[in-house]
Ligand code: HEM
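Below you will find one chain, with nothing else, as structure tokens; this is the form predicted alone, and questions on how it binds or moves follow later.
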């Protein structure tokens, strides 16, 4: 089958992703674009194709299957690079099974009260009225505190964790060395943290991951290191974006916000619609076909980069009628904002809980919360992968 016509909408996606995705969905199932690193990639935008591809075992996450010169990824030390986002079965199956034994629903639920306490403390610091950037003051410090509590990171190192993660989330092309320096610094810190937890285990996830075993199997030092990195990196990044996007969507749709204020019991369902409508990731982690694979009516050669657009799939009107409408009454189940299949987001329950509590605390505290800028002045992360605000100016 012939390939899709050559297109390069990368710059347009940065400017207005949903308008571009609407056009791409309507013209072909798969499009040739310049990927997140500037190299050619195949972009998949329709819901059924994306969902099927997320579960296709012929699409590997292991970049060793990429064609030479096709994909390099972040310049991470090997101990951080060998994580679940770069791994296929059976290694992925084994490590995820061990992690699930430690990262239990009970441990997530235990965080409910501390999350609310952190949210209240951050809102207390804002005072009863004023103006602020809600990303800097609330959406970012809340998840980093929760993740550091979860892992058992001492208070005095949390500012460093946030700065390292910010560098890795949005690398500055003019400072290529900064990514390497941040990764090396994080590796050094995690090495010491693991050593400390081995000597003095505590009631935290990192201590549990060190101790967990199944039928004599346990996590190696590098596996522990990469897991700690992944939990920190993904747990922080995705939740900051989901909280920020949630507040923006509600403030831009006052009738939906009023309905939610009138019935706070709708919050869990509201978080699902928010994730569908304005999820934290435009793209899933890139895939590499182990052999030539047909997606839609396009054959993608083995080893080339496949980008699955979660946000385009979630706005596909064939799956979600009137998909560009934000509607808290919608059944948003089946959305792909947090993935699908064996690589479904491990931290999804925690991200949902944090977002639900963050919104509940914020809306209770500030009944007159409002945007302090027009939609054209909002600044989004300059990323083809992540969907998040750099700042969210509000008054309260």
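Positions refer to the first chain, counted from 1. Bear in mind the structure is a predicted one, so any value in this text is a computation, not a measurement.
Unshown form predicted together with this ligand; subsequent notes refer to it.
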Selected contact from 323, 126, 285, 260, since only one has a non-hydrogen atom within 4.5 angstroms of this ligand in the predicted bound form | 285
Within 4.5 Å of this ligand in the predicted bound form, heavy atoms considered, which of 92, 253, 197, 162?
-> 92
Taking the shortest heavy atom distance, is residue 244 within 4.5 Å of this ligand in the predicted bound form?
-> no
Answer for residue 135 alone: is it within 4.5 Å of this ligand in the predicted bound form, judged on heavy atom distances?
-> no
Taking heavy atoms only, is residue 58 within 4.5 angstroms of this ligand in the predicted bound form?
-> no
So in the predicted bound form, does any heavy atom of residue 29 sit within 4.5 Å of this ligand?
-> no
Interface stretch in the predicted bound form with this ligand - options 224-232, 262-270, 166-174, 152-160, non-hydrogen atom within 4.5 Å = 224-232
Judged by heavy atom distances of 4.5 Å or less, which residues of 340-357 approach this ligand in the predicted bound form?
-> 342, 343, 344, 345, 346, 347, 350, 351
